[in-house]
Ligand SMILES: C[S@@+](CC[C@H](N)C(=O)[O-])C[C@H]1O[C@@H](n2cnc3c(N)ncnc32)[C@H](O)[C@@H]1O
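We begin with a single chain expressed as structure tokens, specifically the form predicted on its own.
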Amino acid sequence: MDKDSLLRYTRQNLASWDEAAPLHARINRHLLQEVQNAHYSNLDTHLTRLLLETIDIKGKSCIQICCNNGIDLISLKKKGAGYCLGIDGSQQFIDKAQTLSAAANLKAIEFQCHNIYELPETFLCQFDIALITVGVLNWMPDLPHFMKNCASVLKKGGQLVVEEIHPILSMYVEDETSYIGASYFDKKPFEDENGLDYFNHVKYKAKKNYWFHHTMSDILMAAINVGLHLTYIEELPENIGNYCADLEHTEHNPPLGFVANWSKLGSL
């Protein structure tokens, strides 16, 4: 994808997320109290097991890419991570993350506003772990470029950890009973103006945003092609992203999510 198109898509999406931030803040007021709990964690059990038992994040430097309001990185810090940095292209969500981090009274954790496609060079090869949690990959118009930037912030031997909605759900239309309504291989950007309230699903006239479907092979190959070595992947039957959640309870449910880990082999 050419640079002009890439930045047009991402900046339009970020403007839509900035617009949604006040609505999310009203819904998440309880978080100011919850993050003060020493044992607070927003991390799924599968992701927690991967981070603590397989990788061991204790004392390691971590960057969360597209961190939203920061609660996953705050959770990681509470589980013993070293220096933590959360980045997101939405200043409104970075402001929320900073507020929650202050309420949690944590040290050695920061949040900064950066578009993942426009990272400062000072981030290169600085982190032991890069974390991506649910609801990131489908906002990326250029997945190979995204993975290249994710790999670039890791030290040699560093780990990229991803928890995400399973790509097969892109085939489904969400309803009281979700149903298949799209091709798994459809590459056209999905354009939406109905808003980004994925908590209560309230529709509002929103700034236009764009969503992109990537297959599982797209994700795996984008990482492989930038020198990342897949060391773990698990497909999940549980609802982890609050999209088509009814499918978890169907007799023949598809995979709803996955967690994966890649190791950086070289110095790219």
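From 1 onward, residues are counted along the sequence shown. Nothing here was measured: the structure is a model prediction, and the numbers come from that model.
There is another form of this protein, the form predicted in complex with this ligand, and it is not shown here; the text below is about that form.
Would you point out which of 187 to 195, 96 to 104, 74 to 82, 113 to 121 contains residues with a non-hydrogen atom within 4.5 Å of this ligand in the predicted bound form? Checking each option against the 4.5 Å cut-off leaves 113 to 121.
Candidate spot Asn68, Val136 and Trp139, all three in 4.5 Å heavy atom range of this ligand in the predicted bound form? Yes, each of Asn68, Val136 and Trp139 comes within 4.5 Å of this ligand in the predicted bound form.
Work out which of Cys244, Ala20, Leu14, Val259 lies within 4.5 Å of this ligand in the predicted bound form, going by heavy atoms. Of Cys244, Ala20, Leu14, Val259, the residue with a heavy atom within 4.5 Å of this ligand in the predicted bound form is Leu14.
Ser90 near this ligand in the predicted bound form, any heavy atom under 4.5 Å? Ser90: yes, in contact with this ligand in the predicted bound form.
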